[in-house]
Ligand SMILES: C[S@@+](CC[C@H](N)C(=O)[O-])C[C@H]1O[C@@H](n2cnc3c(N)ncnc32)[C@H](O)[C@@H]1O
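Heads up, the chain below is alone and in the form predicted alone; it's given as structure tokens.
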Amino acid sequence: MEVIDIPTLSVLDARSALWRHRKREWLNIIGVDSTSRENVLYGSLAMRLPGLYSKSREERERLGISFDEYVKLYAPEELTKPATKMSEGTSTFDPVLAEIIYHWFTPYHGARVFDCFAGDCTKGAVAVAMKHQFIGIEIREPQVDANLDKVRYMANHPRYFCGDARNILRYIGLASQDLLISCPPYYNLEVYSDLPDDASNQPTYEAFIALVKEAYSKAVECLKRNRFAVIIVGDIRDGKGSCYNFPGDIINIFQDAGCSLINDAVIVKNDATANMRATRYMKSRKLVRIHERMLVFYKGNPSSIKKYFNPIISPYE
């Protein structure tokens, strides 16, 4: 595919016909349903029941049976019912957005790209398809297994490690990477597992932010100097309906780690249910959020960017 011709403006419209057509092309290439992780992963018992999956590992290995067989034969019925938030399905990364980020913010072909909150395999699959290398750290073993299963057919496929984002230096060397691309968990808006070190499973927003700060501060150490970090983030509300200012906290985290905020762009998402939810939300005078923000940080002197990044050309040439 030729590089998509998206204007380099501060508003990215994922609702456009061009974007939606490109997204279908990417899904055909990488085989990921980007509308919901539920369609890709929540059909798997391991993803619906991550706590039981982890706790039963030793016993399953001793018995020599699969997790599905273990649940059928041994798990009490009440343990096999996933929590409501876990069963609703969760969002995946947009492959067109990943393509744009790699095209705009990697310095050369074969760049080393990483994410300490890897989530699904989209970022890794697109990176490899665009001739880059990718390493993802993901705390949920079932997610890692699902990712590896999805990308195993790809030459030089993305690498995924199961681990805590705060321990990223165990997997990636200091000052070794060319781009950090990441979309952190949105606190408890989507609870991914019952693991105590899962960012989405923290008891308070303050504990959540402290975990995210530690992870991203160490991720910046893995980034080479004169390289970009691109974080996709939106705001979230507390139980009373007030916004936490999550994007502002992310900005503070990266600035404290020595990075400069270079761009703050808006991504307008294609949300088919937004209009249907709008009336209900407005009863509390809340607007339905259909956008996220792309925060672009630079580790180094921003005046040197032109020295390390050539004019935009096709990464496929």
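A residue's number is simply how far along the shown sequence it sits, counting from 1. Predicted model, so just to flag it, every value in this text is computed and none were measured.
One more form of this protein exists, namely the form predicted in complex with the ligand; it is left out here, but the text below deals with it.
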Heavy atoms within 4.5 Å of the ligand in the predicted complex: which stretch among 237 to 245, 115 to 123, 218 to 226, 151 to 159? 115 to 123
Please determine whether each residue of V230, G258 and F297 possesses a non-hydrogen atom within 4.5 angstroms of the ligand in the predicted complex. no
Which listed residue (L180, A127, V96, I137) meets the criterion of a heavy atom within 4.5 Å of the ligand in the predicted complex? I137
Let me know the one among A146, V71, I172, L211 whose heavy atoms come within 4.5 Å of the ligand in the predicted complex, would you? L211
How about P107 - does it come within 4.5 Å of the ligand in the predicted complex, if we only consider non-hydrogen atoms? no
So, D194 and the ligand: in the predicted complex, are they within 4.5 Å at any heavy atom pair? no
Partner proximity in the predicted complex: P142 to the ligand, non-hydrogen atom cutoff 4.5 Å: no
Taking heavy atoms and a 4.5 Å cut-off, does T92 contact the ligand in the predicted complex? yes
Looking in the predicted complex, the residues of 254 to 278 with a heavy atom no more than 4.5 Å from the ligand, listed in order, are none
